[in-house]
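So this first bit is one chain, no partners, the form predicted on its own, shown in structure tokens.
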Amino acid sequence: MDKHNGYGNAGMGFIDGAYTPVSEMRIPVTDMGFQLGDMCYDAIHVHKGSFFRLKDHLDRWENSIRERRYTTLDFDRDQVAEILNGCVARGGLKDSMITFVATRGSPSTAHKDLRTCNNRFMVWALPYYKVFSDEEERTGSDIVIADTIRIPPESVDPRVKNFGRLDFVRALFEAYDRDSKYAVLLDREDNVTEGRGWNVFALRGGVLMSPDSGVLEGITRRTVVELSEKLNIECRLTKVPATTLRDADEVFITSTAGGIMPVRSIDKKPVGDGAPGPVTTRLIDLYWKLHEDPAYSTPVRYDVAAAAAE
């Protein structure tokens, strides 16, 4: 058994123009996505056989491609959607997390002129997973505010979803050392930014707040903003000082991989009474009900798998 194989063994992927099991996907070590972290990606989930907010994810993907100047990528929006569908269908997955990635590719010479690279596109679909456990979804998680400062957006635009996450790696080891699995990073002005793969919200004095800059503009984050309006809850995208987060009545994090997770403590200090608050609980319920709305869901066409097998 290959000791380097992990959670990806059960999925179906697409790379170099062909569908293949995720466990067999490889990129060359000369790819600048590997050497420089020169890549971008997006992640979407399938719930009960339907993609959630597919259009919004594809909109963000197209923006990322433009920002990263991947001009030789051979797959347009419709083709990307078709390949996402193909991976899920061939994997026979009713509930899935799908990651799609563009890398700079390999340069034509050892001078590594990025203009000579042919961009690479890949997708993998795995059985659905969350960034948090089922117990944490029920009772809340324990997070820490890291000493590590988030990479400034003037250097790396966080609106382009990417794997360049050494600041998060350092912050996570801070969390592990403090008996936690989750760390949120601040900017240089002590304002909250985000964690690895998730946005954060704080409810204080009846106002729901989430950082307005220096963060990925998450699709689940957007969904919470929209649901808050339906609930007549004032929701602001604004500066969130660390003190506001620490003193909040309710705190939760949002991610495509899991939806909404309550936070029960920050730096070992309870949030509110240490249990998921009523606003958080209501938003969780509405978030999953929204998956049943045809306006937000795109059914997977599983027939393509049968056709491919003929």
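Position 1 is the first residue in the sequence shown; the rest follow in order. Only a predicted model underlies this, so the values are computations on that prediction, with no experimental measurement involved.
Although it is not shown, the form predicted in complex with a further copy of the same chain is what the next lines describe.
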| query | finding |
| --- | --- |
| a further copy of the same chain in the model of the complex reached by all of L93, K239 and R282, non-hydrogen atom within 4.5 Å | no |
| is_contact(D167, a further copy of the same chain) in the model of the complex, heavy atom dist at most 4.5 Å | yes |
| Non-hydrogen atom contact S265 with a further copy of the same chain in the model of the complex at 4.5 angstroms | no |
| Proximity of V131 to a further copy of the same chain in the model of the complex, heavy atoms at 4.5 Å | yes |
| 4.5 Å heavy atom contact, P294 to a further copy of the same chain in the model of the complex | no |
| Heavy atom contact within 4.5 Å of a further copy of the same chain in the model of the complex, the stretch among 199-207, 85-93, 221-229, 68-76 | 68-76 |
| Of L216, I151, V80, A183, the one that lies within 4.5 Å of a further copy of the same chain in the model of the complex (heavy atoms) | I151 |
| Contacting member of D190, E234, E135, D113, with respect to a further copy of the same chain in the model of the complex [4.5 Å, heavy atom] | D113 |
| Residues from 96-125 in contact with a further copy of the same chain (non-hydrogen atom within 4.5 Å) in the model of the complex | V101, T103, R104, S106, P107, S108, T109, A110, H111, K112, D113, L114, R115, T116, C117, N118, N119, R120, M122, W124 |
